[in-house]
Ligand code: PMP
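Next up is one chain by itself, shown in structure tokens, the form predicted on its own.
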Amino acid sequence: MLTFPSGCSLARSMKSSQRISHLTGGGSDGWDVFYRARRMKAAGQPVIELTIGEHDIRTAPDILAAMDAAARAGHTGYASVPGTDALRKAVATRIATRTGVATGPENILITPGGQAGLFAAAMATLDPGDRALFVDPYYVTYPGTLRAAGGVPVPVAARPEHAFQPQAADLAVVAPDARVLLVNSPNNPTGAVYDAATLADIAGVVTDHDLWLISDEVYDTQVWEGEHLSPRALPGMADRTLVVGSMSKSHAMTGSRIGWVCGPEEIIVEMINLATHTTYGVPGYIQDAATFALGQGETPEEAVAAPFRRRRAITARLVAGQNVVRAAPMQGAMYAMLDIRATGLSGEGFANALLDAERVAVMPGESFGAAAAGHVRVALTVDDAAFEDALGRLLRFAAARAGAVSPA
């Protein structure tokens, strides 16, 4: 029979670590409306979900056929932890072709999706207590990922009046004594594509303060205005930049969990050691399917992106037809960030009221940080007709609410 010293209890000894219990920082994360919409839909209510970045198409049949063939051929055992030679080479070739930066397989670690790549990059660059900067608005996992690696997350606001482009002066204020800056372009949630001037400013701050740069580029195939520029291609940046990429958005392979980190060979070697102690690699048949998909060139990537380009045009047309809701520049990614401050509601208040009144679910801007307050993020992820109907309902609802707001 187990016995315990006086005053000791099993319950007290089985507490989780502070590292995991404080992962999200506590408090509401603003996702209550998402979970409520899911409950309503499960109960049979006709909710149109414009919430998460999940394609309304599935992985292409030829990619699935390649996956099936690889599995049936026996590639179902342990795969090489860094990634198969073929996939590492394919990813390196893709990056070198698109950025002009010499890249070889030795610069690539294959990971179980972009999120695992972000975690590996944070673990590789942060020691406990290091300050880690990230741009606000941000993808929801960023602060928790940085905390999981022992970092102290520090948001840097990118404001709507600057089209959500981060400003060098704001970065420079918090850069002293920091270790890492995490950026994302094309940006989720705002749709901003960082221009050459912004990236030059980012590179200047990173260089001046001797920071690592983690560049999340999972939306690099979804650019509607301008062009995607990788900061790794800027002078002096290849040796201090880790680029995170993924097949999820470019090839509608979200459930396959296949991504990568690209960086200097020396740190990739260290990250392979990390992968040995955590993920132990990615299934070989999935890697073979990814290798096949990348071998098809840009045509399938353009086909996956095409619906979002169309729905961006629908958004621009409908928003232009009214004067209550404003759209942030929709330069890239599968989202529109809408300014609903004229309604007098917060983003969270608007999203909840819209769900109740119109059965349309969108994400509150506050879900993605303080800089997105008074906005909602709309995912362009249902078929065109349903999307136009839902966005029309949102705009009419906003107009009605704005009409109810008393003059100051």
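The shown structure was predicted, so the numbers you read here are calculated from the model rather than taken from an experiment. The numbering used is simple: start at 1 and walk along the sequence shown.
From this point on, the text means the form predicted together with this ligand, which you will not see here.
Taking the partner from the other structure, this ligand in the predicted bound form has no heavy atom within 4.5 Å of any heavy atom of Phe308. Mapping the unseen interface onto this chain, Asp216 counts among the residues with a heavy atom inside 4.5 Å of this ligand in the predicted bound form.
Although the partner is absent here, Leu118 is a contact residue: one of its heavy atoms lies within 4.5 angstroms of this ligand in the predicted bound form. Remark: Phe164 does not count among the residues lining this ligand in the predicted bound form, judged by a heavy atom distance of 4.5 Å or less.
Only one of 92 to 100, 217 to 225, 72 to 80, 287 to 295 lies within 4.5 Å of this ligand in the predicted bound form by heavy atoms, and it is 217 to 225. With the partner omitted from this view, the residue of Gln331, Thr241, Ser248, Ser230 that lies near this ligand in the predicted bound form is Ser248 [heavy atom within 4.5 Å]. Between the options Arg257, Arg131, His209, Arg147, the residue in contact with this ligand in the predicted bound form by a heavy atom within 4.5 angstroms is Arg257. Heavy atoms of every residue among Gly113, Tyr142 and Asn184 are located within 4.5 Å of this ligand in the predicted bound form.
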